[in-house]
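Consider the single chain below, provided in structure tokens and representing the form predicted alone.
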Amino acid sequence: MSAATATAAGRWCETAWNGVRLQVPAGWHPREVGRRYLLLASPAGPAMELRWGPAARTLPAPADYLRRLQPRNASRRIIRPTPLSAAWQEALAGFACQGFTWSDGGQAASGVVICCPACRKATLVQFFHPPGAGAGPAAARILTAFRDHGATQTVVYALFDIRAEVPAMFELAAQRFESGYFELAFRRPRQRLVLHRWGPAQVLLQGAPLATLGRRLLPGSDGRPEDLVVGAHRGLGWSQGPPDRGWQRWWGVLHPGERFRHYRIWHAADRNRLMGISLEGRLPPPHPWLEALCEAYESI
């Protein structure tokens, strides 16, 4: 039985990463994460893989995209084009698509290349299953919720236990998922944004003031912090700018660097997590989107 078949009636959750967004069974968790790549696994093993490319100048053809995936070495697995089932056609109405299958020894997969006429992005989605088993009914539900661009100027990131809505002007630069610490780094010209998540908060705090811990977790957060409220959570914020007079001002002009810094950290006690944001660069405030980013960044 495939993972998609076994979990068709179970609980579902949101998964979103760098422009791609969908709903998957709650038992599926990321095993590998790349800039434009996700491998999700169930307790039974690999369940689903996604690969996507940036927007092209012209609408890519699904069949051409699939031909590029064909192995040059004939001894490797052969990817066979297949028509989409009625359920998959209904789920992907509005997209240009090409279905495919492959089987190699005890492994097999059914998938589809999805090309969006609106954003011109090409996405490969495949579901792993035993040979002859098929992807199962959960695959159609996953494809129904598939989105490769949003209607707003924010990009949703929902992975593991964090969810954020990042302004689309920022490009994903790096990610780090370790036990006790998650980090998502973004950039745009003259500015760098980093989202932090630490846990468990009780172990990190151990009775110490949040300001003391914040200075250690957020290097550069010098000075006296200000109290702030993020949703239902209390936290602290630091803001720093360049000197506005004297020789230090002219030194900063002649030696460009990170001149404006904003740090925020708050305690999500209900989730036993510490959440933080670092914003550094040469763009002066105001940053009207910063409050909305903090409000939407949460541990789920």
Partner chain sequence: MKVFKRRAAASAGASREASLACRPARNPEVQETPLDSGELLLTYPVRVRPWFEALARRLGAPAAGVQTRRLQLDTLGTAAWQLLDGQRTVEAVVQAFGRKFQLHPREAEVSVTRFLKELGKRGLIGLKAPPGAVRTAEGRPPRT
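Predicted model, so just to flag it, every value in this text is computed and none were measured. Positions refer to the first chain, counted from 1.
Omitted from view is the form predicted in complex with its partner chain, to which the following refers.
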From G241, G231, P30, G53: within 4.5 Å of its partner chain in the model of the complex by heavy atoms is P30
Checking T82, T144, Q202, Q153 against its partner chain in the model of the complex, the residue with a non-hydrogen atom inside 4.5 angstroms turns out to be Q202
Report task. Give a yes or no on whether each residue among Q23, E171 and S221 has a heavy atom within 4.5 Å of its partner chain in the model of the complex. Result -> no
Using heavy atoms and a 4.5 Å limit, would one call D161 a contact residue for its partner chain in the model of the complex? yes
Item to check | Exercise: F128 in contact with its partner chain in the model of the complex, heavy atom 4.5 Å | outcome: yes
Just to confirm, L124 within 4.5 Å of its partner chain in the model of the complex by heavy atoms? yes
Practice task
Evaluate P209 for contact with its partner chain in the model of the complex, applying a 4.5 angstroms cut-off between non-hydrogen atoms, and reply yes or no.
Solution key: no
For its partner chain in the model of the complex, the stretch among 86 to 94, 173 to 181, 209 to 217, 113 to 121 with residues bearing a heavy atom within 4.5 Å is 173 to 181
Of the residues spanning 82 to 102, the ones with some heavy atom within 4.5 Å of its partner chain in the model of the complex are W102
